[in-house]
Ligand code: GAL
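Here you get one chain, nothing else, as structure tokens; it is the form predicted on its own.
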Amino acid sequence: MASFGDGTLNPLIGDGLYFGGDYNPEQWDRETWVEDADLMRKARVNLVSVGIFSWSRIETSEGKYDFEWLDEVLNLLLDRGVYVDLATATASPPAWLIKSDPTVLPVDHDGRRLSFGARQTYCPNSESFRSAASRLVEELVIRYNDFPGLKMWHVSNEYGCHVSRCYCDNCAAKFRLWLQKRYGGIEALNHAWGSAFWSQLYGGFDEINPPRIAPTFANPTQQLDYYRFASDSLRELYEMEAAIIRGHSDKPITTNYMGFFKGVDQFAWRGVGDFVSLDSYPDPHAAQVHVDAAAGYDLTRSVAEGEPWLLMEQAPSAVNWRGINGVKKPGQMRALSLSAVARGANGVMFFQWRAAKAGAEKFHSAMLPHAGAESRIYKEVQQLGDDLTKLSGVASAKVSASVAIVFDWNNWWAIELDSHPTDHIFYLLSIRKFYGSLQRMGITCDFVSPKDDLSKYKAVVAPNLYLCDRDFAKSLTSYVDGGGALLGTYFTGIVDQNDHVVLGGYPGYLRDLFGVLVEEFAPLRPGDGFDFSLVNSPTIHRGTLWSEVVSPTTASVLAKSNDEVGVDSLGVGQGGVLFENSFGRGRALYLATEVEDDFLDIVVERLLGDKFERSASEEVEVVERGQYTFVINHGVEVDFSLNHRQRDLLSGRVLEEAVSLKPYDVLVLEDV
């Protein structure tokens, strides 16, 4: 069995694969509870999350608790072999708490206090909220810790989903304390914030407020620090509840992250819970929804430091909150679910079990839809339950990756601040493009933070690393010097951790590593671009979005502009577009513009130093998890070749040479 670094067992290994979803019995009568429990057993559901939004049903008024209904529900479930991921119910405070202290409600950037009547209507720094939530958690843990059906604790829900940052006076007071701890003295803060600019010098921390709406651009470092503070404030809530639970219980603890969600620095939250969980809602209308989903899965596994994780929520079909809510095609839900297992998930869960008949989420799909148990969706749920039962042995296997993409929340916050050369750089789009290139080559990758060890990776991609402090620059330099291969892109190495420009020419601390000097950059207007080619190649490629006055110092030019007239007007300088620098025992490539996928693949292949056999279709996902190979067809019918005889765990068939895959077919192969 796998274990954490401290030697404790990973709580997601030992029980096979979990299967189930959010269950909200407070919305239904007792007769429905019995029907639900029976249908769960029929579908092989073995775990449900209960109580996420039930605070007002559990604590009907301050200090008055009603647990009888919850006792009955949990025992009904246990009688059918369904265990519980019991929520602390703190995700949405009740009306009586808001009435007793209206300052529990959050305040937005424009100074408006938000109203009760939705969910997540709380300021994370409200002492009234924290006190009430703490009392509720303690009551729940004391009552249910010894319940035999309890598998794990579910703390709150989707931290920051609707209110990533509150700007109220509670937060202002806590922000000042956070800044004092970070900087020590006001002089250090003034230096870090560049407060001499626009006469923003502070005489004391009591003069500082959150970066609320102002006449024009707020101080960039103040904004960046507030993102950090807001993420830390939400983490404090998680830590608060986790500490209460651990005071009475030894059951594992988790909360559900949301993948590439800007408000929460998941790498900085490592160590709070016992394992990592994900809510995944890629748009079925997206051109490559399976790649979007896979990226979230790989990020979650990376946050979990390679340990198994739990897919806590996904939609069986459509959600309710997009402008147009796309429906998953027959078989697509199964394919995306098993993709999560392929990429390290030890459980597949949904929001939710039974479709609601009232409220804002009544049109969100569910395992048991409005049409009932004879529906297509419920039958697909049954099939998935059967599949996961057959794959229980996969739970002890892990995913390994030899390539990593740098993903840094601090850089994300900083690069998308205002008053920049262009507002058309979107960090996630850059990450997604490089991730897509690796997927087209059949390469599974990790995501790494600036604090992670890079030495185990053959290659590292660091798109648009605008914010790169001296420590991470040293880490990247050491990695390449030791034999690694690094790919960086335009608008990299511009500022340090305080959002101060690193002087002397871009890319700042990384100039010697990339062997280039960027004197100036010239963002391009939508629709503008320039032609370029690899040296000694007639094939023309297109650069868009960005151009730079960049000169090689020690790097070789691998690609340059073809239009010497256009070069000057675009600001591309000497025309260099792609550079490669030998450094120590490794190599560093620098890409100075935005490129289309065909050239991006050329660059990534150059980085890796290998030629890759493309899949029969880039819609075929192939992932190795330990000794198991997952083959998932997300596109049209295609033939898939096998190198040797293997057994498909799902069908039980022994396969040889080639097999025809229909859309959304899945194989899970092991050697015979």
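Each residue number is its position in the shown sequence, starting from 1. The shown structure was predicted, so the numbers you read here are calculated from the model rather than taken from an experiment.
Not on display, but discussed next: the form predicted together with the ligand.
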The ligand contact at Arg119 in the model of the complex, heavy atom, 4.5 Å: yes
Classify Phe197 as contacting or not contacting the ligand in the model of the complex by the rule of any non-hydrogen atom within 4.5 angstroms, answering yes or no. no
Might Asp279 be said to contact the ligand in the model of the complex, defining contact as any heavy atom within 4.5 Å? yes
Even though the ligand is not shown here, does Asp496 get within 4.5 Å of it in the model of the complex, heavy atoms only? no
Interface segment, criterion being heavy atoms within 4.5 Å of the ligand in the model of the complex, picked from 360-368, 182-190, 231-239, 416-424: 360-368
Students should find that, of Tyr628, Tyr65, Trp33, Phe53, the residue having a non-hydrogen atom no more than 4.5 angstroms from the ligand in the model of the complex is Phe53
Heavy atom within 4.5 Å of the ligand in the model of the complex, from candidates Asp446, Asp274, Glu313, Asp408, belongs to Glu313
Near the ligand in the model of the complex, with a heavy atom at 4.5 Å or closer, the residues from 250-276 are Asn256
